[in-house]
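Just one chain is shown here, as structure tokens, and it is the form predicted alone.
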Amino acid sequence: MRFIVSLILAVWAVTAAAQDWEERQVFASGAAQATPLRVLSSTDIALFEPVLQSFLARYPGVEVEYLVTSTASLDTYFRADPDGYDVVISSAMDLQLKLANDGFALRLEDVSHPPRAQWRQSLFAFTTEAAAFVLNRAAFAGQELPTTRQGLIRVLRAAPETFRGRVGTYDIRASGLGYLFATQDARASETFWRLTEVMGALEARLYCCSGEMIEDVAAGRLLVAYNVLGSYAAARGDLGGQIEIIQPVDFPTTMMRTVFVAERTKVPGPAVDFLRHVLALQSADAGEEGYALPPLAGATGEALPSTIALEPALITYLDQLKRKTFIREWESAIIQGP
């Protein structure tokens, strides 16, 4: 009896969690008997809707249920219910690589893609997106803008009362992408830890997602947001007058957004069609498909030095002990209150 009760509670917990979507929308072409396709993603609908609409224009017999959650929650939800989703899209390359490595991704031998932009024919990268500083334009009017992490440290230290409580960054305990960016920054330079300590001393505000940080910078609730996805900020053309996007020149950190077909998908045909469509848009002419994704920079030829590679070393910091140690050190630097 105790086992049955525990099982019921576990199923209820998973079901309840799976309903906690940041965004959910069904995209349909109007076909009478459409095949349902469930896409689990960390990419906001506003950014990905053109991809979905162009897919339906080519495959009108499919109905796409697009479910958006954070990168960390995405990994949790999918592992709890690997039969419940057909395609998975995330910016957290390390978590995606771990899912593929653990056998959750369908191997697609006949999908052609640049070697450095795929992992064992099961995980495929389709965009290249860099982390950026996002600044409140009015707050920095007439000032030289920081273009390096050391430059940002100098700006913050020069006016601590101005920036106190008005600096934002990812809460790496809650954001898979935030954790990925932080570990890659730490590997590149000790400047990351100095900057984290400075932000902590200024009572930095912690966020799960880029979108919220960008909104708060535009509204003046934040003056600086660190390690924001530059693609999200650039997509907010309506905020162009309020925000400044800076790509750091000291050691830029660039991730590749990845997609895979769930190994247990019940609709492999439409799921593989969707993946192929996404990859085709990456190199397509907007005129051919109605929409084109930005080029996958460095996917052919030499790799861009700033791009995080799809390789086993990527999941080093997912080791439980290493993750626990890294987060403890990060907490000591960023949380300095009583």
Partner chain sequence: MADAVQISGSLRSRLTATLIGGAAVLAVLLYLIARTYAAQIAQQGQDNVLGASVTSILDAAVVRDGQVEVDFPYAAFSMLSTPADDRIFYAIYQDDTLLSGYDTLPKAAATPGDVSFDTGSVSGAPVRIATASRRMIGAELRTDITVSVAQTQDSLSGTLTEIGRNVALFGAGFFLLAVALSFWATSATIGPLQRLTRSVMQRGPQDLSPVSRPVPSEMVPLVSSLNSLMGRLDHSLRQSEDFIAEAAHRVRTPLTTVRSYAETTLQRVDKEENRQALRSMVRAIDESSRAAGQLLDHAMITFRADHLDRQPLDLVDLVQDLVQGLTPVADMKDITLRVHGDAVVPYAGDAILLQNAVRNLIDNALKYSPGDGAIDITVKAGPTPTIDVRDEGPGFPQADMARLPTRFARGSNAAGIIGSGLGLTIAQDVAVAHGGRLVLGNDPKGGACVSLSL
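Because the structure is predicted, anything quoted here is derived from the model rather than measured. Positions refer to the first chain, counted from 1.
The next section is about a form of this same protein that is not shown, the form predicted together with the partner chain.
Mark Gly103 yes when one of its heavy atoms lies within 4.5 Å of a heavy atom of the partner chain in the predicted bound form, and no otherwise. Yes, Gly103 lies within 4.5 Å of the partner chain in the predicted bound form.
Do Ile315 and the partner chain share at least one heavy atom pair within 4.5 Å in the predicted bound form? Judged by the heavy-atom cut-off of 4.5 Å, Ile315 is in contact with the partner chain in the predicted bound form.
4.5 angstroms heavy atom contact with the partner chain in the predicted bound form for Asp319: Yes - in the predicted bound form, heavy atoms of Asp319 and the partner chain come within 4.5 Å of each other.
Contact with the partner chain in the predicted bound form for Gln25, defined as at least one heavy atom pair within 4.5 Å: yes or no? No, Gln25 sits far enough from the partner chain in the predicted bound form that none of its heavy atoms falls within 4.5 Å.
Listed residue (Trp119, Phe260, Phe181, Tyr207) with a non-hydrogen atom within 4.5 angstroms of the partner chain in the predicted bound form: Only one option qualifies, and that one is Trp119.
The partner chain: the contacting residue among Lys266, Arg154, Arg194, Arg187 in the predicted bound form [heavy atom, 4.5 Å]: Checking each option against the partner chain in the predicted bound form, the one that comes within 4.5 Å is Arg187.
Segment assignment from 94-102, 222-230, 133-141, 251-259: heavy atom within 4.5 Å of the partner chain in the predicted bound form: In short, 94-102.
May I ask whether Glu311, Thr325 and Arg328 each come within 4.5 Å of the partner chain in the predicted bound form, counting any non-hydrogen atom? Yes: each residue has a heavy atom within 4.5 Å of the partner.
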